[in-house]
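The form predicted on its own is given below as one chain in C-alpha cells.
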C-alpha cells in the first residue's frame, strides 16, 4: 500500500507531505488504523518511570511538535511519542525550504529552526486533552529570532528552559532537555560543559521544588567530542538526571554520498536517517561505558531496519525512537520492527527483550562487536 502512496508523498515538498500526513490523522478512524498496524506481545512490554508501555519504540521529537498527533501516532504502533521540541515562546522557525530528502541515502536534512506554538499553548492543549498513548515532552531553548517582538524581553537561555519546564512538568511520562539543535543560531551552546553545569543545577533544583518524580533525560548531539561528552554525562549523573536520548541530528555529512556541490546546494541543517546511524551508535557505546543500569538510554538515529534497532539494543539502548525510518518505510514499519524483535526473542527463549540490552553475544551475532 505504501509503495503506491510513497511516490505521491515524495512528489510533494517534504513539509507539505508532513502536513498531509497530519491531516490524514483527522480523517482515518483510529480503530481501523490500529487494527492494521499494531502488534502487541508481553515480550515487548516495558516502563518509562511509572508509565507502562506496550512496546519500546517511540516517535522521535520533531515529527509532532505541538502534540497534535499523539494518539494517531500511537495508532501506527508506536509505544510512546515524544512531542516537541517545545520552547518557552512561540517560534515560526527558519525560512522555507528547510527540509530536504536524500533518497539515495535514506536520510533527511532539516533546518526547521524549532517551529512550535510555545509552552503556554502546548500546556493548554495538553490540559484539555486526554491521550491514550504515553508521551514525553522535549524542551529546547527559544531561538533568538523568535524573541524579536518589542514587547518581549530576551531572557537567559537557562530562564527560558526553566519557564518551559515549569509549565509542562505536569504532563507526559517523561521530560527531555534538548541541549543540541544545529538548526538555530544558538546551536549546541548548552552542550558546553561549563554552560550545561549551570543549567543542570538549576533544572535539578526546580525539579526538586516542583516535586517532579518522572524521568528527566538529556538529549545529546552525535558531534559532541569525547572530553565534552564525558563531562556532560558526569554533570548529568551528579544532578540526578535519569538517562539520555542518543542522539540528535548531526551537522556532519560523513554518512552520505552527496557531492560537495550538492551539500552546498542544500545548505546547513541536521542530518537524520541512515547517514546518522554510525555516529549515533558510537555515542551510545561511549555513554553506556560511562553509566550504570540505573540510567536509561533511548537510542535514536538511523533505525531503518530491525537489524539497526537490535544494534542499538546490543549496544545498551533500552528504548528506541524513529522519525526518518517512518518517512522512507511507511506506516507498517513499526509493526514490522516489533514483529521481528518479538520473533527474535521467542526464538531464543527470551521472556522480555530487555534481557538483551547490552548483550555482547547479540552484538557479535549482528556484527556490532
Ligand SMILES: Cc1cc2nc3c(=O)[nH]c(=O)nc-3n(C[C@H](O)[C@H](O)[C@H](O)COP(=O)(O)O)c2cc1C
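Positions refer to the first chain, counted from 1. This one's a predicted model, so the numbers in the text were calculated from it and none came from an experiment.
This protein has a second form, the form predicted together with the named molecule, left out of what is shown; the following refers to that one.
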62, 84 and 302 all contacting the named molecule in the predicted complex, non-hydrogen atom within 4.5 Å:
yes
Picking from 323 to 331, 47 to 55, 340 to 348, 31 to 39, which part of the chain touches the named molecule in the predicted complex when contact means heavy atoms within 4.5 Å?
323 to 331
Proximity to the named molecule in the predicted complex, single hit among 235, 99, 256, 296 (heavy atom within 4.5 Å):
99
With a cut-off of 4.5 Å between heavy atoms, is residue 273 one of the residues that contacts the named molecule in the predicted complex?
yes
Spell out, yes or no, whether the shortest heavy atom distance between residue 221 and the named molecule in the predicted complex is within 4.5 Å.
no
Any of the heavy atoms of residue 142 lying within 4.5 Å of the named molecule in the predicted complex?
no
Does the named molecule come within 4.5 Å of any heavy atom of residue 138 in the predicted complex?
yes
For a quick check, can you give me the residues of 94 to 125 that have a heavy atom within 4.5 Å of the named molecule in the predicted complex?
99, 108, 110, 112, 114
